[in-house]
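Presented as structure tokens, the chain that follows is alone, the form predicted on its own.
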């Protein structure tokens, strides 16, 4: 077996529209103080009505390809982690391939909500490790703003739209994937859910009238899950990779809640300066949070070659995954 892959290019794309907590005060019974204290979020980006997820994914993907010094025709496969594709089918990845002018390569979506990008990256790494492909474009993109009830103050304040992308290659000199740990807890599948729109509750006028097509969340249950799962999945990744957890230097976590992130830092014995935090600017962009966070992290120039970073995803499913990267 060869390398699990090198992250040779990264990119991100955010919609232009910014919605602040003060903007939300005008439409729901909430306040900047309430949102900031409980989540750490100050503002988020919201996509236009004519700007589907595939457009965000395409723009982030093109930036990652350019950053890798490649052209689109050198990409062997596209994987998009998303729970908000343009439509149920075809896949968002196929639409991205069309926008890039690519024909003949495999393209697929993976739906694991907030774990979607890291799940996608682990799949890509298998194709690289087994010598099947040389360059795979992995994208995390979501437009949760189009799935929430904007009169529900407990949910609408949390999310933003965005996309981030990696090029994972068989050859490189830095940012090598060293291992991962992943899992799920199906007993918690109803903690974060959009009830209608699938085969269980098809899209009907009755479902729409009952607001079953909106995202709902059991906030306290999700919080309890997340507080415990972050340190668990990091340790799981180190154990399954036969590496020492004491080598951990940085955490690039899913951006769900500032209290979850700070708790993870404390449990892992890390300074908060070693944890990537950007949810104050973007909110929870679901599958996009980790590639956006890593893109900003490696471009701030604070890390050193050989240090270990953990990319930690957790969320709907309930699901979790940590990928270890040697910078």
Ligand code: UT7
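Numbering follows the first chain given and starts at 1. On a predicted model such as this, the values are computed, not experimentally measured, just so you know.
The following text describes the form predicted in complex with this ligand, which does not appear among the structures shown.
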Query raised in the report: If we take heavy atoms and a 4.5 Å cut-off, which stretch out of 295 to 303, 46 to 54, 60 to 68, 259 to 267 is in contact with this ligand in the model of the complex?
Result: 259 to 267
Query raised in the report: Is every one of 29, 38 and 154 in contact with this ligand in the model of the complex, taking contact as a heavy atom within 4.5 Å?
Result: yes
Query - Touches this ligand in the model of the complex: residue 177 (any heavy atom, 4.5 Å) - result: no
Query raised in the report: Though only this chain appears here, would residue 284 touch this ligand in the model of the complex if you measure heavy atom gaps against 4.5 Å?
Result: yes
Query raised in the report: Is there a heavy atom of residue 114 no more than 4.5 Å from a heavy atom of this ligand in the model of the complex?
Result: yes
Query raised in the report: Do residue 189 and this ligand come within 4.5 Å of each other in the model of the complex, heavy atoms counted?
Result: no
Query raised in the report: Of 127, 214, 250, 223, which one comes within 4.5 Å of this ligand in the model of the complex, counting heavy atoms only?
Result: 223
Query raised in the report: Which residue among 110, 158, 77, 237 has a heavy atom within 4.5 angstroms of this ligand in the model of the complex?
Result: 158
Query raised in the report: Can you name the residues of 307 to 323 that have a heavy atom within 4.5 Å of this ligand in the model of the complex?
Result: 314, 315
